[in-house]
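What follows is one chain in structure tokens, specifically the form predicted alone.
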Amino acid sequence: MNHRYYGQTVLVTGGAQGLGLAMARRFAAEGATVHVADRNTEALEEIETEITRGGGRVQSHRLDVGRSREIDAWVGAVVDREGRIDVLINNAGIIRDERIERIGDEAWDDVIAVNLTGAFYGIRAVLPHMKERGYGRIVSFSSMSWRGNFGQANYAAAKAGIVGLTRTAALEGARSGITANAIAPGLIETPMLASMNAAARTKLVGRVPLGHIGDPADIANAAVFLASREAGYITGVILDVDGGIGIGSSVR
């Protein structure tokens, strides 16, 4: 594994499990100092131990991305410690699936707060530091559901919001050497997908042209590319990493 991120500081929200964990591992393996934020204290301790034992550099932080003061304090502490922020990965997310008429206020507010508002808070907090340095990479997480998906009005709205937020951040950061892109995963082997019943899972896998569920490493591969210097002429892009499920699909 090359060390193209050596000397860089990478922030990953929702980094204690699933896709966030895969990305934290990958960035650390490529030489970055990774700051991982999550609400799961136990999982944070485990990932810090794992990456450190493997020779990587990592710091864990317990925070709620839906609270702007916590995000601002985290970003400020990282800048004070490292002197720089090169990459922000907005990955934190939750689901509260239900039909529109059954979605309560709390389920709506929680999903929007974590999936969309948290990403906004993160971008707002890092932009001044990135602009001052004239460099930055922002990668946020949308979903194939951003185009609309049955039983996911709250989640789809949040993930569609990520698209608009990403494209706007790309425009506002471009003159300062900052790119902003998003990844829209398809069916990836994560704790969220594992909670799905077997029949529904089998049906969904049958719709994937490549014929299998993706691995978190597939997402990490996309993230480390979009966050790299090599991707410096790519901005405002929503990258589907979905095994082709979006081709001709109703969710597209």
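Note that this is a predicted model, so its numbers are computed, not measured. Note that residue numbering follows the sequence shown and begins at 1.
Heads up, the form predicted in complex with a small molecule isn't pictured, but that's what we're talking about next.
Comment: the small molecule is not present in this chain, but in the predicted bound form one of Ala29, Ala222, Val208, Leu193 has a heavy atom within 4.5 Å of it, namely Leu193. In the predicted bound form, the small molecule sits within 4.5 Å of a heavy atom belonging to Ala92. The small molecule in the predicted bound form comes within 4.5 Å of a heavy atom belonging to Ser142. Contact annotation for Leu63: at least one heavy atom lies within 4.5 Å of the small molecule in the predicted bound form. In the predicted bound form, the small molecule stays beyond 4.5 Å of every heavy atom belonging to Ser68.
Partner contacts here mean any heavy atom within 4.5 Å of the small molecule in the predicted bound form, and among 152-160, 167-175, 123-131, 72-80 they occur only in 152-160.
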